[in-house]
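Next comes just one chain, in structure tokens: the form predicted on its own.
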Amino acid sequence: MKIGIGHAHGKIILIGEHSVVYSQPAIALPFKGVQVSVKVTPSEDMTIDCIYHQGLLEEAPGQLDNIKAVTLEVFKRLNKQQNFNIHIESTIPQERGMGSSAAVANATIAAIYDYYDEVLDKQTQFELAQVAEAISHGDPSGLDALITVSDKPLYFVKGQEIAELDIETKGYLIIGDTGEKGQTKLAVQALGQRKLENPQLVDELIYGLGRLAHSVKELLKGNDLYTIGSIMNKSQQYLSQMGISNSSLNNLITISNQSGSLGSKLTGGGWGGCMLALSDDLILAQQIEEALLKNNARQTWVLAF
């Protein structure tokens, strides 16, 4: 039986979440420690097998509206129509700011193209993934759609050419999962409303985050982890002022800083999800990881960069 296979991986926003929606820069890292694999096989009906639903795709819950939409768009692009079973296996935590929705969309797109032996170029895959991301997140920057299939860190400004980064920094990021679902779409909408109510303050915070992201880009060419850590702390202050953080994130951020991190901040959409901390030493990174687990982190990872 013919099959199609597609893969994608998770992502970590190092700096620039939310401000990236307003055309400020952000830096994202590919996180291959968590991945998604999609297999498509011919079927009598259009079905899906994943954590949210097993059965007819049309009867799937709202969490899969993005896959419904992107599948139809792929068929439109290829001028084909066929029933498949879409089998999704993922180690990316759902709704934690690690790019799960974009990764699943990218892997599904790649699997269908693979089934038909069609060439899938990067631009086409990005455009298709953005169809899914618009449903998942409302007004996507495009960063998740790009980084979940990228092998290199990206410096991203909405509407501008993407820059791949060659990082010379040698350090470790410790990622802590609060266990709470992030609420990216709602957080983006809430920040938009806050911007309408207090445009001067929010514009200053958005611009400030953009400047911090630009500074980190330059610092990654060297090995000044202490300054990067300080900027991460400043970024968290800005995000908190925007109303993007919450008590669970703040708890893990405080624990990581008390345990010796060079800097800590939330990563992703906020209002739950994950945080990350920076260390220049692997043993210390593991100690920070242990402290997070002892203080209500659902799970943790250590990423060398």
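Remember, predicted model here, so these are calculated numbers, not experimental data. Numbering starts at 1 and follows the sequence shown.
Omitted from view is the form predicted together with a small molecule, to which the following refers.
Only one of 135-143, 167-175, 221-229, 202-210 lies within 4.5 Å of the small molecule in the predicted bound form by heavy atoms, and it is 135-143. Note on the partner interface in the predicted bound form: the residue among 131, 154, 188, 157 having a heavy atom within 4.5 angstroms of the small molecule is 188. Heavy atoms of every residue among 11, 20 and 268 are located within 4.5 Å of the small molecule in the predicted bound form. By the criterion of a heavy atom within 4.5 Å, residue 184 is counted among the residues contacting the small molecule in the predicted bound form.
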